[in-house]
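Read the single chain below, which is given as structure tokens and is the form predicted on its own.
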């Protein structure tokens, strides 16, 4: 029987926030992470470009042994990921994306006044809006087209703070829940906290996505991981990045990991 290996896919460093939560819940899991830093960010690309890059990213994970995949890139959301399943020898129940777990988390809280902030591609896809509409919940959306790239490129915190503040200012008083619909955004969650009114809850989807991974991926493999103290992490990136390496060192200093840069 093939050893289980969880693959995590993202356009860059943002998926590290999801990986952090997965390792908290499944510390013994072996994980391979592909960050497509060469082509990041995805949020300003066309659906066709994102789809093609997602196919390549998934294929890299599968070629390196991934048996399950968490697609941590919101821009490569369900309306792009799910139609691609026929391209891979992987079952639908072995792929988790960001949108479904996020929407389901609000099934018992339909009175929330939600503002979803995300990349332009995610907002234009309508995938979150359609998901919440299935719960009869209307949400406000706000595209921050340059923020993910600015975070990845180590833009100064004062500049990021101004970018976030200018975008959110006109929405003050209209929401009580802010959903971070891009995995890069939690990397600067403290800056968001400084720009939102008191009483607003920030929702980071990483935790509910990790819980879904625990539910779907852990139980069938509990025997395989039973005698392990800690799982390994292999990072593969399509372009070297000081920022990525800094975040890996910050988040995973106690983990057994390697970083490979594609030639």
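Fair warning: this is a prediction, and the values are worked out from it, not measured in the lab. Residue numbers count along the first chain shown, from 1.
There is also a form predicted in complex with ligand DGL; it is not shown, and the following applies to it.
Residues with any non-hydrogen atom within 4.5 angstroms of ligand DGL in the predicted complex fall in just one of 129 to 137, 163 to 171, 189 to 197, 69 to 77: 69 to 77.
Contact check for residue 43: a heavy atom falls within 4.5 Å of ligand DGL in the predicted complex. Not displayed here, ligand DGL is approached by residue 148 to within 4.5 Å at the level of heavy atoms in the predicted complex. Proximity of residue 179 to ligand DGL in the predicted complex: non-hydrogen atoms within 4.5 Å are absent; the residue sits far from the partner. Annotation for 105 to 126: interface residues with ligand DGL in the predicted complex are 119, 122 [heavy atom within 4.5 Å].
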